[in-house]
Every structure is written in structure tokens, then in C-alpha cells.
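The chain below stands alone, shown as C-alpha cells; this is the form predicted alone.
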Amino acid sequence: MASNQEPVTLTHVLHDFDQCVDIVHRHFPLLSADIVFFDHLIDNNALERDILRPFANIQADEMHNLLMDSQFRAVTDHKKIIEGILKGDAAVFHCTSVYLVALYGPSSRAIEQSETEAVIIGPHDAFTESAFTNLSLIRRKLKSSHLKVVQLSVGEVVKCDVFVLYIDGIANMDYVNVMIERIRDIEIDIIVDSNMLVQHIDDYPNTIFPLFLTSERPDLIVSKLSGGKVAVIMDESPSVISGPTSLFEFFTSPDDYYQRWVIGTATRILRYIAFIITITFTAAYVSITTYHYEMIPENLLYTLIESRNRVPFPPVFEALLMEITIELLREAGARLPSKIGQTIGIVGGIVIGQAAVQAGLTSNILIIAVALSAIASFVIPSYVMSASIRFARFFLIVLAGLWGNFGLMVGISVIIIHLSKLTSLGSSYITPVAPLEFQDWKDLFIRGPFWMLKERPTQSRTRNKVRQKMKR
């Protein structure tokens, strides 16, 4: 019976990996054993230490005793054998038994500085595509047994490991349970990045605004965890999710806390000013030059009339043309290699802007307005939020071209109403403004000194009784 069962089990596994040229099957006839693994998913040193060297130094009658060692895990489920091989285990077939040996150790990117979240002061390490490396980065900074990690699996065809992190006694368990439930309810064949995962757990998937914070900075995620937030690490993704999130978190940066509080406050206020400029400046130009010339000072009015004298388009089309051009330059600069991208961004902006003015396609003042709006958008720390604001800017430009200042006010009101409706894990997206929590304002528009920041944010403050056990 044993000889009949052995080829069936091994044949089924090899059949599942049929036409996979990267699968490795090694046969040991003297030991009546076979091993199956992916060479690029395992650590070759561990393979030599745990399997090849022991197999070379034993006889067939000693095989059973060797397989009793702790590194060999007996498995009877065919599906688990396949999943184990795909996760970097080696499957050992001996007679009628199958064992899995953990040998996972593929080559991975070293811990480097994040290119998307540059830091001036503070730690320079960033997450990588390895979930366990990311867990170790967080554990190094957050040395506490109260940091809990829940492992989940996402994907119907391709399983991907997802880890939910929270600090027991600090995090609100309502948010933790909602996060875990939403991840478990995801039904999709494959998810390859945490930014895709976010779109499956959003409260409002059709909004343009990000409802969860994603970051490649371990220090930022650790600060969110210590503030009562929930974090999600996805294997093969360098971005870690944090929630619940409010709109104002996207205008803060870890740099704010690494500097003196006065300087951090000034920098944060500058970001809010940049937000106002980038979302309204071009739209205000369109509104004023189309309907409200009386708002322009007389000296500037003559300059504006002279500048627009040769422009054949109404201001709204002029503004949309230049804004779209800026977006094309931005995307081209982001997609090209870094050195070429910088050249395209600088030279392209200067050449196209100057040529457009000389050709009479746009005015000098609009070039200044569009350039200021573009520069102000780069001040916002979050790229995802910056992209959302740029999209909203087009909406306001169109309304300003239709109805002037009235349209601009209508557009701003629609955005505010929309933001008021949004939630993140069921928590208000514009907290602590609505609901009003004045105690959280000391770390909202300003970055208060640390002696004022002893209370955790109201949004994620725990309402359970676990904290009492910690105090004991």
C-alpha cells in the first residue's frame, strides 16, 4: 500500500505545478524520499543545513528518526502542502508521509530611506516589501508586549498575508474589530499592494479623498499605534495602513515633532496656507477675470488687460489648458528616470510657459497663478491627498468659470459638506472640528509643546476597560 500511495501524493503536487519551470524536484532513491521547493523562495544555506546535509549522512533505516526533528512538520492536507511550497517551504515526501520544512529566505530589498516621504530630521529607515521585516522595524521602536498582531489572509486565487496591529489597552477595540471584519470580508482573486487593500475597506469607496493614511515611515506608524490607531501590514507591499484617520492628519509630518514646537507650528500653518492656495488660487483668477473686474486694483487692472489682450480664449479655458499642461509635466517627470524627470519638469515648465505667453495662448498672470498652485501642492506631505486636492481644483475652476465667485463658494461648500459626511472606520473624517473637540486642537493647526500633548486623540481613545488592567 505504501508504494501505491507515495507516487499518488507526489504526482498530485507535481501536477499542480505542471509547466512551472522554476519548481525544483529532487529525488533521493537510497532514502525513498523526494523534496519539492521553489529555489528562489528559499534560503539555500538553510536548505543545505536542514535537508541536504542530514540526508547525505544517514541510512534509509534512520530516515524515520530524522523526520521526527522539530523542523519537519507533518502535513496531511494536500491544500496546505501547496500553500506551504508557495510560501517558501520545502515539501519532503517519504513513503506515505509528507513534511514541510520552513526555508523561506528570498532575496529582498535592503532597508533604505523612503523616496516618497523624504525626512530632514529623524529616522531615515523605511518599510520594505517583506512583511516580517516591517514587523521587526515596528517591534524595534515599540518594545511592548501589549503590541498585538493578528494574521489574516486575503485573496481567493492567490493568498496574501495581512497583519493587523494594535496596542492592547490603548486602541479602541471597536475599530480593531471593524478593521479585521472588513479585511475578512474581502472577496477578490488577488491583491498586490496595500493601496489596493485600502480601496476594499473604505467607508466611502467613491470619494476622491483618502480615508486611511498609508506610509512607508516606521516612526510615523509607531506614533499612530501609540495614539490608539490600528495599523495593517500587507506582505509584498512597502506601504503600511493606519486608521481611523482624519483629514488633518494628512497635513502633519513626523518632522513637526522632531523640531522645536514653534518651528513645527509655523511649518504646519504653512501647509494649510499652501492647501488654500493650491485649491482656490487658479479658480479665483478665473472668477475675477471673468465676472469681477471691480475686485482688481486699478494699477494691476491695466497690467492684466495688457497681458490678456492677445489671448483668444475665455479665462476658464485658458486656466484648464495650463492646469492640464502642468499635470502632464508632473506625470512625465514622475514616470521618467529621476535625473531626466527633473530636467523635463524644470525645462519643460519654463519653455512651455514662455512659449505659451509669446504665442498668445495664455497670460503672464495666469502662469504665475498656476505655478504657485502647483508648487503649493508639493508642500502637502501626503501624495495621495495632494492628488485629491488637485482633482478638486479642476472642479472649482469649472464652477468659477460658470458662475464666478458664487460658483466658487458653491464648490467650496460642496467639498465641505462632502468631507462632513465621510467617515473612517465609522469615525468622523473631520474630527476634531466636527464633532468639536477643543482638547485636540492643541495638535491640529498648531503643534503644541509636548507637555500639552499628554492626552491621546479623542478619535481613537479607547472606550473599553483594558487600560485598567495595564495600570494594575
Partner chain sequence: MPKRGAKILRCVVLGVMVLSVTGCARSQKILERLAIDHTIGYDLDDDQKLFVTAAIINQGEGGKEVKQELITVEADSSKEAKIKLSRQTSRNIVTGQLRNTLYSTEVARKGIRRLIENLVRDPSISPRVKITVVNGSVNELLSSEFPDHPNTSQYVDHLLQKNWKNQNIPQVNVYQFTRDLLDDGIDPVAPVVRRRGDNVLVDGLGLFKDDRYVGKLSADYNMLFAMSRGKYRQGEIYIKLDYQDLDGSVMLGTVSSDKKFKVWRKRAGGFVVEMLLEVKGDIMEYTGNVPLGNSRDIPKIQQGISSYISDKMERMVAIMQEKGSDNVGLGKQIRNSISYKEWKSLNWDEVYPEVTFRCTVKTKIKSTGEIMEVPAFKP
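Being a predicted model, the structure only gives us computed values, none of them experimental. Positions refer to the first chain, counted from 1.
Here the subject shifts to the form predicted together with its partner chain, a form of this protein not shown in this document.
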Of these, 306, 156, 115, 185, which has a heavy atom no more than 4.5 Å from its partner chain in the predicted complex? 306
Identify which of 313, 104, 258, 394 has a heavy atom within 4.5 Å of its partner chain in the predicted complex; exactly one of them does. 313
Would you classify residue 290 as touching its partner chain in the predicted complex, given a 4.5 Å non-hydrogen atom cut-off? yes
Can you tell me if residue 264 lies within 4.5 angstroms of its partner chain in the predicted complex, counting non-hydrogen atoms only? no
Can residue 403 be called a contact residue for its partner chain in the predicted complex at 4.5 Å between heavy atoms? yes
Indicate whether its partner chain has at least one heavy atom within 4.5 Å of a heavy atom of residue 111 in the predicted complex. no
Taking 4.5 angstroms as the heavy atom distance cut-off, pick the stretch from 351-359, 314-322, 237-245, 384-392 that is near its partner chain in the predicted complex. 314-322
